[in-house]
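Here you get one chain, nothing else, as structure tokens; it is the form predicted on its own.
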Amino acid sequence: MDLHLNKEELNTCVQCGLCLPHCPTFRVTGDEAMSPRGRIKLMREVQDHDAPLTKEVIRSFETCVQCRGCEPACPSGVPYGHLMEQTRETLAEAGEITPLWQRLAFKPLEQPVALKMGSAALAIAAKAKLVPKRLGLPADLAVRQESLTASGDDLYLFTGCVMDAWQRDVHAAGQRVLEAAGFGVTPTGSLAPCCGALQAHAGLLDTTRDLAQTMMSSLSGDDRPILVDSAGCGAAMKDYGHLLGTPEAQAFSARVFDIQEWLAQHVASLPKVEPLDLVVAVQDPCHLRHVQKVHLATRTVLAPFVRQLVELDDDGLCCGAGGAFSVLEPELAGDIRARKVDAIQRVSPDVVASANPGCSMHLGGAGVATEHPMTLIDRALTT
């Protein structure tokens, strides 16, 4: 089967194995087929030698968290993330992965009204204790939420889909922090309801391309920076240039910044206040650390506003959230999360700062107290 992989990119891997300690699925299983090296070997066998797509081969590709922790560790610069995305796209198009029920589950993300109705129903179910705790949904998930309103036109704040439905308070906190730094903010709201990150994880890259085009059209006409407070969304939007391969997409991606990345350049503009009396452990979302590579900005912006920042000793190993991975692979995701929880417990923080909704909910499902960096900074500024 032709996986439509770029041969030059595929052949970059020399099978050295330096990626193995940085792969969460290999760490918890010890299975070579659950490692980046093993998966690339299988890609070559399928594409170059017409090896059969057995259940075991498909399982190997399906169980990749797509954290891309292997990429910084790779001395050959293998673009593993792009290889895996292309492999999953080909398998999804062939009907080998991402069944119809999964595809239908993504549809409400593209429709703000449908997502709002579904989230309201979920909030009611959560209050009735009908939602599994392992999903980590906010305990106070609102049936109705107040709309965010623009305070100026210096920059956009991307609000997206799931995060806007379940963690709009983070957007509100981020907007207040940006305003405290002197910026007028326009929340994107229904202008750009979904970035396509979750669809890309599932191999539905055509849908992601359509959503990317919609967003680019909606937010065109000026050069305003687009700030994102969800690490996964920011990584997807910064990749539009590669995804679409057009100068317009590359120019759009250049306007995208993680909110911590942006504020790290303007932290001196924030008011000087008494820091919160908290010991805070920083959990780096994979798409902030391994893909965007701007995770150090979180320390820069948080440090003035909490008593102490502490680092985890696991070298940024994935927590197991991985988009919808924690829902589709709960046992494997739970084993991966257990390692992260152990690392957190070793430093005994008051709270864990996580700049990605999937990570915070996944960790919350294990009883870990998490807050977005913007929520902590906002509290310090308003206390």
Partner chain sequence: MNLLGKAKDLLGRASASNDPLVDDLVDALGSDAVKVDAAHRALYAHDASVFDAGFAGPTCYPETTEQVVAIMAVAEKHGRAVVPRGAGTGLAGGAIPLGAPVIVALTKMNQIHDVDTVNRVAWVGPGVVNLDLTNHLRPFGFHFAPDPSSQQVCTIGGNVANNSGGPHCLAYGVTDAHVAAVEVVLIDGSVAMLGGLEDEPDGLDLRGAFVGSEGTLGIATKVAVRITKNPPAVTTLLLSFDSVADAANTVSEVIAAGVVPAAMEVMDQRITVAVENYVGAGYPRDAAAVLLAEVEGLEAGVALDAKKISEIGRANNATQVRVAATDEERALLWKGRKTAFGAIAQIAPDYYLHDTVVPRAKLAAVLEQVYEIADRHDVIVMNVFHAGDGNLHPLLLFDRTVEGTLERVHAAGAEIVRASLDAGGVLSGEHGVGVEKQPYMAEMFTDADLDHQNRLRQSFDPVCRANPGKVLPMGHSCADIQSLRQTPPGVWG
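Fair warning: this is a prediction, and the values are worked out from it, not measured in the lab. Positions refer to the first chain, counted from 1.
The discussion below concerns the form predicted together with the partner chain, not included here.
Contact with the partner chain in the predicted complex, defined as a heavy atom within 4.5 Å, is made by all three of 42, 56 and 76.
Though the partner is left out of this view, residue 20 does reach within 4.5 Å of the partner chain in the predicted complex, counting heavy atoms only.
Put simply, residue 28 is close to the partner chain in the predicted complex: some heavy atom of it is within 4.5 Å. Of the heavy atoms in residue 363, none are within 4.5 Å of the partner chain in the predicted complex. Using a 4.5 Å cutoff between non-hydrogen atoms, residue 38 counts as a contact of the partner chain in the predicted complex.
This chain is drawn without the partner chain; in the predicted complex, the residue among 351, 51, 324, 347 with a heavy atom within 4.5 Å of it is 51. Residues are counted as partner-facing when one of their heavy atoms sits within 4.5 Å of the partner chain in the predicted complex; in 4-25 these are 11, 12, 13, 14, 15, 16, 17, 18, 20, 21, 22, in sequence order.
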